[in-house]
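Shown below, as structure tokens, is a lone chain in the form predicted alone; questions about how it binds or moves come after it.
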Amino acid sequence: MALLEVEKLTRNFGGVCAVSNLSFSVTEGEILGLIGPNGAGKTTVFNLVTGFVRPTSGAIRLDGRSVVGLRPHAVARRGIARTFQIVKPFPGLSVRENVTLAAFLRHPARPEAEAAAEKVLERVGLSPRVNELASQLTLMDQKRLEMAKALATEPRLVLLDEPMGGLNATEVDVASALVQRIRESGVTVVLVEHVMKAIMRISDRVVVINQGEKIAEGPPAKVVEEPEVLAAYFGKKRVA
């Protein structure tokens, strides 16, 4: 059985259909890339899966159990965490405090939450900066902090929304390695990313959406050569 199942998922905003009849699954232990041109509906899919937006229709199941209608904190308690495309730290709190807040989901007592946060910060490479304010971090380290907050909820599945956006080539390599380590630690990953080099390198499988609809699915190297995918990214003239 798949860890996550999305079946005929649709979301309308007024007269606009942001996601249309979308189906895909995620197997436990894999890195799934969710890709598509700007405005394809990728972040809306994340919002639907994590309870920030309710579907117009369709099913979302984790381990065979529906999460539709659950609030974001309840989805997180079930085992799904996420990051945001635009980093959202608590700027006036320290790095440790940011991650401790997330750890309270599983560890209500502060000492245990702080201990859990310390372990996560070590995993993502932020141990040297635990006492610094989140607002003082570089973009790369703010991306690490986003991942740390998600991991501190002890998820089974984490949805990463453009964790490499705005990073230079060296930082992309570091972030790619971190995503792979997250998977190696036992957390399944769904990755939205426009850095195709990273997607090609670390994804086991990709799902391509355009205008809210799935247009391709399969191994990265094969999918990016499909005419419909090339048309979505580059226009029909590039396909001819």
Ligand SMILES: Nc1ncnc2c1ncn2[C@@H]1O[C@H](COP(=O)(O)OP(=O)(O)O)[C@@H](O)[C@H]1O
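What you are looking at is a predicted structure, and each value in this text was computed from that prediction instead of being measured. In this text, residue numbers run from 1 along the sequence as written.
Not on display, but discussed next: the form predicted together with this ligand.
*Asks:* Pick from T50, S176, S203, T43: which residue has any heavy atom within 4.5 angstroms of this ligand in the model of the complex?
*Replies:* Flagged contact: T43.
*Asks:* My question is simply whether S185 lines the interface with this ligand in the model of the complex - judged by any non-hydrogen atom within 4.5 Å.
*Replies:* No - in the model of the complex, heavy atoms of S185 and this ligand never come within 4.5 Å of each other.
*Asks:* Within 4.5 Å, heavy atoms only: does S66 come near this ligand in the model of the complex?
*Replies:* Output for S66 is no: heavy atoms all beyond 4.5 Å of this ligand.
*Asks:* Does this ligand come within 4.5 Å of any heavy atom of P37 in the model of the complex?
*Replies:* Judged by the heavy-atom cut-off of 4.5 Å, P37 is in contact with this ligand in the model of the complex.
*Asks:* In the model of the complex, does A221 have a heavy atom within 4.5 Å of this ligand?
*Replies:* Residue-level check for A221: no, no contact with this ligand.
*Asks:* Taking F13, V16 and Q85 as a possible spot, do all three reach this ligand in the model of the complex with a heavy atom inside 4.5 Å?
*Replies:* Yes, the whole candidate spot contacts this ligand.
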